[in-house]
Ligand SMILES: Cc1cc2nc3c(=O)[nH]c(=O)nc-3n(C[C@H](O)[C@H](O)[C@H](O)COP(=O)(O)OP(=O)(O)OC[C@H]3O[C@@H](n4cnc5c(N)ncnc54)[C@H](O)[C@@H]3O)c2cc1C
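Consider the single chain below, provided in C-alpha cells and representing the form predicted alone.
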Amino acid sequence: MHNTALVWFRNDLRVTDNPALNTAAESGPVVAVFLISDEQWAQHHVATRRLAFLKGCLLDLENQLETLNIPLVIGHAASFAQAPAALLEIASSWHAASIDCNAEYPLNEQRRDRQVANACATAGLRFNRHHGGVIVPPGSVSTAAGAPYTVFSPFKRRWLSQLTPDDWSPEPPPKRQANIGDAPGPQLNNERLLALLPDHNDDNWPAGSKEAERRLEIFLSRKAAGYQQQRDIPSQAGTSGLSPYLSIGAISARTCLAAARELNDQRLNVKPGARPGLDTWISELVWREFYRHVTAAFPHISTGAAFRRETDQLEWRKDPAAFERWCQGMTGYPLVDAGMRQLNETGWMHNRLRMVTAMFLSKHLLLDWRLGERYFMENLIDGDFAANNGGWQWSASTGTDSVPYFRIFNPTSQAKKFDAHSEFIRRWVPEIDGLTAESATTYPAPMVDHALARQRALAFFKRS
C-alpha cells in the first residue's frame, strides 16, 4: 500500500471536478481525509448554520466516495497548528506516500498548509497543492507590470482573455478503485468526531453535490434569462441559490462556468451580449475569483486590516446599542431591517441587501465595518472569507475597487427601487402590514436621518 495517497478535503466536498482527488487517483489508491478544526472555526467566527451544512455535505461526500470505493477518514485537529501531526498520523496508518489538497487562500490557511508541507518534507512524504477552489490560480492574472489587479473591471477583461478550454472543462470523477483493505483505527473515530458538528436539518438548504447540480440546472433553464433584472429584487427567487454550495465546495465554479458558457452559445463576453442574464451571472463568478485572488495576493486583509491601509486610520464611532439595533433589524429603515431579519432567521441574505445593510452600518452609523463582517460570518450559511471581506470593504470604501466614499445608499430609495410594493419588507417586517409602500419606508422612527447621516459620513471621510 506504499503508493497510497491521502486526499485532504477542506472546502471542496465533491468528487466531480476535484483536481486534488483526480491527480492523486491517477497514481494509485486514495484515502480521503477531513479534519474537524472546531476551535479554529470558532476563532474564525464560522456560523453554526454553516457547520451544520458542512456536516450534511460531509455525509454526502462520504456516500459519493463510497461509490468510488474510497474510504473517508475523519480526523481531529482542533486548531490549524495541530493539522500536521494529525495528518502524519493518518498517513502512517495507511502507509501513505503523499498528501494532496486544494489550496485555500486566507492567511491562516496558507500558514497551516506551509506547516503541513514542512512536516511532510521531514517525514519523506510528498505534499501537493492544487487549485480546485478557483478557475484559474491566484497570481496567474496580472497587470502589464506583473502586479496583481486591485480593480475588478480590468481584472475581468484580463481573466476572460486568458481562459483556455481547460479552464471551462470540468474533470469527471475518478474511476472506482480496487478495494484498499480494512480501515485502521483512525476511521473508527468518524461517528464520534462528526458528533462535534451540529446536525443539519434545514430544508431550505439540502446538503450535497446532487442538490447543487439540481439548483444549477434549474437556474440555467428557468431563471438565468431574467437574471440581469431579477437578481436585485429580493422578493423574487431570481438568484441561483448556489452560494452555500460554492462556498463549501459541493460544486465547483468551473462546473458553473462551463454550464453557463454552453448555454451562452459558447461565449464569455466582457459586456452583456445576446443573453445578458447569463453574461451577468458569469460576471458574478468572476467577482468570486477576483476576491480570492486578492485574498491570496494581499495577506494583510486576513489580519483585520483594511485593504487600503490609510483607511485603518478612520476613527469609527463606538456605539454598542446602535450596533445591536442593526443586528436585530430594528433600525427604523424597513429594507435594512428586513435584510437583517432574513439573515437572522435563515442564515442567508439577498446580495442587494448585503450591500444596503453593510453601507448602512458603515456610513449611516459610522460603525467599524469589521463588526458587520464578523456578524455576517457568525450567521451566514454561505460564509466565505474572501467574498465576505471583499463585500464589506467595498461597501465601507476601504477595499479594492471600492465605491467612492461619497456614494451612500439611501435605504428609502433602495426600497422604492427594488421592493416597490413592499413585498419583501412585509414578509420580514410584518409590523408595517396595512401601510402604503411610501409610508412603510418611514416605519419605525429611523435611527438616523438619511440626509444628516450622509453629511456626517462625508465629513468623516474627508476629515480622515
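Residue numbers run from 1 along the displayed sequence. Remember, it's a predicted structure, so these values are computed and weren't measured experimentally.
There is also a form predicted in complex with the named molecule; it is not shown, and the following applies to it.
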message: Can you tell me which of 118-126, 343-351, 311-319, 134-142 lies within 4.5 Å of the named molecule in the model of the complex, counting heavy atoms only?
response: 343-351
- prompt: Are any of the heavy atoms in Gly249 no more than 4.5 Å from a heavy atom of the named molecule in the model of the complex?
  reply: no
query: Does Phe307 make contact with the named molecule in the model of the complex, using a 4.5 Å heavy atom cut-off?
result: no
Partner contact for Pro71 in the model of the complex: the named molecule, 4.5 angstroms, heavy atom: no
- request: Determine whether any heavy atom of Ser243 comes within 4.5 Å of a heavy atom of the named molecule in the model of the complex, and answer yes or no.
  value: yes
query: For this chain shown on its own, do Trp8, Asp100 and Pro106 all sit within 4.5 Å of the named molecule in the model of the complex, going by heavy atoms?
result: no
statement: Only hit among Gly383, Gly277, Pro234, Gly208 for heavy atom within 4.5 Å of the named molecule in the model of the complex is Gly383
- prompt: Pick from Arg288, Arg254, Arg261, Lys156: which residue has any heavy atom within 4.5 angstroms of the named molecule in the model of the complex?
  reply: Arg288
